[in-house]
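Given as structure tokens, the chain that follows is alone and in the form predicted alone.
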Amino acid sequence: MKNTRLGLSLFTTALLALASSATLAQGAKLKVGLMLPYTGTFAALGTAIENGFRLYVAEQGGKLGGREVEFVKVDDESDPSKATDNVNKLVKRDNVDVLVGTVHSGVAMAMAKVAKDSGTLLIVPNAGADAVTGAMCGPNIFRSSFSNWQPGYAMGEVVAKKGHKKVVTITWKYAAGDESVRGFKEAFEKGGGQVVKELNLPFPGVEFQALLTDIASTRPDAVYTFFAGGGAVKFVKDYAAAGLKKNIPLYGAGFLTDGTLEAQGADADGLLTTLHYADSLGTPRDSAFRLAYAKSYKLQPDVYAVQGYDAAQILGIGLTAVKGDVGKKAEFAAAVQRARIDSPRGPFMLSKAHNPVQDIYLRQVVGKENKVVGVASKALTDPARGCRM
């Protein structure tokens, strides 16, 4: 008799759990915590990511995996010292189901640690910190953008093939800059070149004059750089004003000229950069995305908007597979890893470390567009060094 009652009790508990899960999936809102920069150097990037994410959600009728989406926003100020407190507010105070962020690699590392410790689903829509899908990789951590290694490595191959032998690199002294330069250096030196000097300045400093004087006196064959946002605008203008542009070719990761061309003006003309998106892809998928984005926000989209859009796509694919239940992390991850993501950048898949395997384009600035010259690296996979998943 006792065994019968125990069996009935367990059966009832299982039914209640199933009912609760079904109710959750069908009724409860999905709380998405957007932790992005809304002030400072990267403010425009944060806004573009959010716009792209919201555009995809709107295209799905405001729901992902059958659940209405509710947003909770935090300005991370691109400040790593505030990152742990900010992400804990979203996880512990606001009880978000999903974390989406961020731009600054140092902040993203703090987000990845909290996500790993708490088991919260995290989708990174920009920050390329190699460790996020390397040593910090996890079954609940995904990236819709790139690793810092990818555009840098692709440009290293391009610059070596152009026959340049001696290059100076310049960037901010932080994770994104360091890792981008390492990727460039790895490919460039493999191709027979030499990085003769690595210059940097503290983030988000923009006092470039002394470093530009150093470049002029070193007289390299070319310069490779990683800057983004407001810093990229000033660097390109200062580089041209110093008279370096006409004598020493400047190459960069694509963030140098993405979302910055309006402010850079003619000083950016002709610059070559490598990135997983461009303004002139001309595919039906990209054209439809660009039209929808322009109609919604009265702006032209950039790579940041694409990455936000695809972060929402990844979330939608996983949630559809688990019928809205974010607790089913293994099933969520399996569905996303199987998926061929129909991105405006071109279709891509995620590696075992959950980083995009994607084409890296060589682009040239023509007027106010980053036009495709060709594919610098086809289906480039980040090496995911240190990932144990």
Ligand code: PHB
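Because the structure is a prediction, the values reported are computed rather than measured. Numbering starts at 1 and runs along the sequence shown.
Note that the form predicted together with P-hydroxybenzoic acid isn't included here; everything after this is about it.
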item	value
Close approach of residue 313 to P-hydroxybenzoic acid in the model of the complex, 4.5 Å, heavy atom	no
Distance check, residue 101 to P-hydroxybenzoic acid in the model of the complex, heavy atom within 4.5 Å	no
is_contact(residue 174, P-hydroxybenzoic acid) in the model of the complex, heavy atom dist at most 4.5 Å	yes
Heavy atom of residue 45 within 4.5 Å of P-hydroxybenzoic acid in the model of the complex	yes
Sole residue of 255, 277, 235, 309 within 4.5 Å of P-hydroxybenzoic acid in the model of the complex, by heavy atom	255
Option touching P-hydroxybenzoic acid, based on a heavy atom within 4.5 Å in the model of the complex, out of 273, 133, 144, 148	148
In the model of the complex, segment of 226-234, 185-193, 84-92, 289-297 with a heavy atom within 4.5 Å of P-hydroxybenzoic acid	226-234
Sequence-ordered list of residues in 122-144 near P-hydroxybenzoic acid in the model of the complex, where near means a heavy atom within 4.5 Å	126, 127, 128, 129
